[in-house]
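Next up: just one chain, as structure tokens, the form predicted alone.
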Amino acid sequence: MAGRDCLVTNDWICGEYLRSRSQELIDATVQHVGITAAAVAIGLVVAFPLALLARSRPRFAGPVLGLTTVLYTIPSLAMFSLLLPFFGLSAALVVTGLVLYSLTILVRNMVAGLEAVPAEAREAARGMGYGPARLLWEVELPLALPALMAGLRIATVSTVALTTVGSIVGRGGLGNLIEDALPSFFKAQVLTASVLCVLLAVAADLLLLGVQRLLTPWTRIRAAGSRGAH
């Protein structure tokens, strides 16, 4: 009876809500994760050639960075309205909008990471007979990886938050639950969906941080050496 009472009294914390709406929460979380993952993955695929273009052709750097910055400033409602004729009311509409929003973070961090690679490292690799492709994949990208991963973490956390805006077209994952609960101010649903969204962002950031540490073991060795020197 106490569990049902919390629904009647509209409490913020309600175990009965979690029990009775568990499948709804799972479905919304799965949709949220799917949209976020798809947007970030496609964003990486699009951002990488743009970053290479901006780095290798300085005259294109300004337009590329400027365009991605302008895209990020477009309000979500306007962005979805512009994309609506092409994608309709679908998950693709939300994913495409999120991809466009992620580009400014991903491209800038990729360019910054590649530009930070020491010139002597490039010269040494060229002296050993490395061609442009091998130089990029075996020297530049590994050295730029910390900056690239930092950009990926920021873009992922940002996308987790922005995915909720997809509730405008019914494709917002946990944002759908928040949107549905606001008219009646259903406290338990608003709080639960919001907390799950925050937990998703934290979990994604920690996961990517773990991947970064696995891919860049030399940064841990360097940090340990610095602590030992002190």
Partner chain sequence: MDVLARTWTWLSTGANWSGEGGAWHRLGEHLYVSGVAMALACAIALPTALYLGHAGRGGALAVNLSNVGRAVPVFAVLALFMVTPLRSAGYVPTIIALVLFAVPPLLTNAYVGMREVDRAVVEAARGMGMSGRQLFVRVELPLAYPMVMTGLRSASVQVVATATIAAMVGQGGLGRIITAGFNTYDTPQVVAGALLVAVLALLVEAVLVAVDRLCSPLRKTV
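Positions refer to the first chain, counted from 1. Predicted, not measured: the structure shown is a model, and the values here were computed from it.
The same protein also exists as the form predicted in complex with its partner chain; that form is not shown, yet it is the one meant from here on.
- None of the heavy atoms of S56 is located within 4.5 Å of its partner chain in the predicted complex.
- None of the heavy atoms of I42 is located within 4.5 Å of its partner chain in the predicted complex.
- Contact between A38 and its partner chain in the predicted complex is not found at the 4.5 Å heavy atom cutoff.
- For T96, no non-hydrogen atom is located within 4.5 Å of its partner chain in the predicted complex, even though that partner is not displayed.
- The partner is absent here; in the predicted complex, the one residue of L67, L52, A61, A161 having a heavy atom within 4.5 Å of its partner chain is A161.
- If you take 155 to 174 and check each residue for a heavy atom within 4.5 Å of its partner chain in the predicted complex, you get V157, S158, A161, T164, V165, S167, I168, V169, in sequence order.
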